[in-house]
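Next up is one chain by itself, shown in C-alpha cells, the form predicted on its own.
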Amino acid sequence: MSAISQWMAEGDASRRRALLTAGSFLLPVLVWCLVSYVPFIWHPKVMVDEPGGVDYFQSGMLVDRDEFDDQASQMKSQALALPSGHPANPIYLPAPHSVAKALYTGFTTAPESKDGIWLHQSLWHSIQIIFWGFVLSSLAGVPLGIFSGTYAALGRLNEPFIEFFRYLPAPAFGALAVAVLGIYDGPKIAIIVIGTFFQQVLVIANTTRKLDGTIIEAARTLGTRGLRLITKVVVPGILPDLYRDQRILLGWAWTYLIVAELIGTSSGITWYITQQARYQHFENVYAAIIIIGIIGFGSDLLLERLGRRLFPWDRSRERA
C-alpha cells in the first residue's frame, strides 16, 4: 500500500512540475498578447489607414499618437479630409502571430537575395561554433578543475590568476583573436573558450571540494595515489554533479554566441538577426531569438533526461 501511495505522490509532484513549467512560459506569452492585442493597455502609435489631407501620411505608416491627433485637428480646421488609423505598437514590438508566421516562413521560404543564407543554415553554423568552443574549453577546464579541487596546492597556485582573469570580458579579446586566428570561425570559437574556460575551472574545483573528504582519505589509506585516485575515486564521486555543472556551463556558452559571431566576418544566427534588424523585419529578429531559446532549452531538457539514465542513484535533482 505504501508503494502505491508513493507512486501516486510522485505522479502528483510530476504533474505539478509540468503545470508550473507550462505556466512559466504561458504567463509571459499572455502579457505579450495583452500588450499586442488590447489597444488601451499600450499602443503609443497609430497605424495610418487613410492619409486624408495630410500630404506626408501614407497607408500603413506608423506615427506617434500626438502627431496623428495634431494633424487630424489641423485637417479639421482647414476643412480637409481627415486621416484615419488604428492604435498600434512600435515596429520593434511585433504581435505574437507575426512572430509565429516569421518562425514558419524562416524555414520554408528561400532568402530574398541570391547569396542569402537560410535560417536553418545560420543556426547550424552557430551550433558548430558553440560545440567546438565548449568542447575545447571542457578538454582543458574539466581536468584542471578536478585537479585543483583535489590537490590544495595546485588550487592555490592557479585559482588566484583564474579568479582575476574571469573578470576580464571575453569580447575584449576579440581584436587579438582576429589578429592571431584570422577573420573566420577561429576567433569566434576562441571567445566561447575564453568565456567558459575560467568559469569551468572554478565551478568544477568547487564541486570537487564538496566530495566527502573521508572517502579520499580512505582511498589514500588503502594506497590509492596519483591519477588512479582521480579516475577511481574523485571522478566517480562527483560525476552527477560534474554533469550538472556542464549543463549549466553550456548555457553560459550560448550567452557568448552573439558577441562571438560579431567578431571577424558576420556569420551564423547573429548575421541573420543583424540583417533582419537592418531592414526593420523585427518579427524575424524575434523568431531567431526564440529559436535560440528553444534549441538551448530543448538541449538542456535532453541532457537532463540523459542524466537520469546515466545516474539513476542521484537524488539531489528531485524536488517536492
Partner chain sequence: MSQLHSIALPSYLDQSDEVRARFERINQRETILEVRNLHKRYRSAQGETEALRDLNFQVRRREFVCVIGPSGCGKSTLIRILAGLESHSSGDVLLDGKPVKGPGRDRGMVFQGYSLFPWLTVKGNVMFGPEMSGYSRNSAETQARTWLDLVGLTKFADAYPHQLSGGMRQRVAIARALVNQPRILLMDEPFGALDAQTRAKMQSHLLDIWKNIDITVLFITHDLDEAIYLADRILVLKPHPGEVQEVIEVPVPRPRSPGQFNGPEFRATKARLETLIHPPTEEETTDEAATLPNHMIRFTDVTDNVE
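Keep in mind that this is a model prediction, so the values were computed, not measured. Numbering follows the first chain given and starts at 1.
The same protein also has a form predicted in complex with the partner chain, omitted here; what follows describes it.
- Heavy atoms of residue 202 never reach within 4.5 Å of the partner chain in the model of the complex, leaving it off the interface.
- When contacts are judged by a 4.5 Å heavy atom cut-off, residue 236 counts as touching the partner chain in the model of the complex.
- Using a 4.5 Å cutoff between non-hydrogen atoms, residue 223 counts as a contact of the partner chain in the model of the complex.
- Contact check for residue 217: a heavy atom falls within 4.5 Å of the partner chain in the model of the complex.
- You can rule out all but one of 163 to 171, 224 to 232, 127 to 135, 145 to 153: in the model of the complex, only 224 to 232 has residues with a heavy atom within 4.5 Å of the partner chain.
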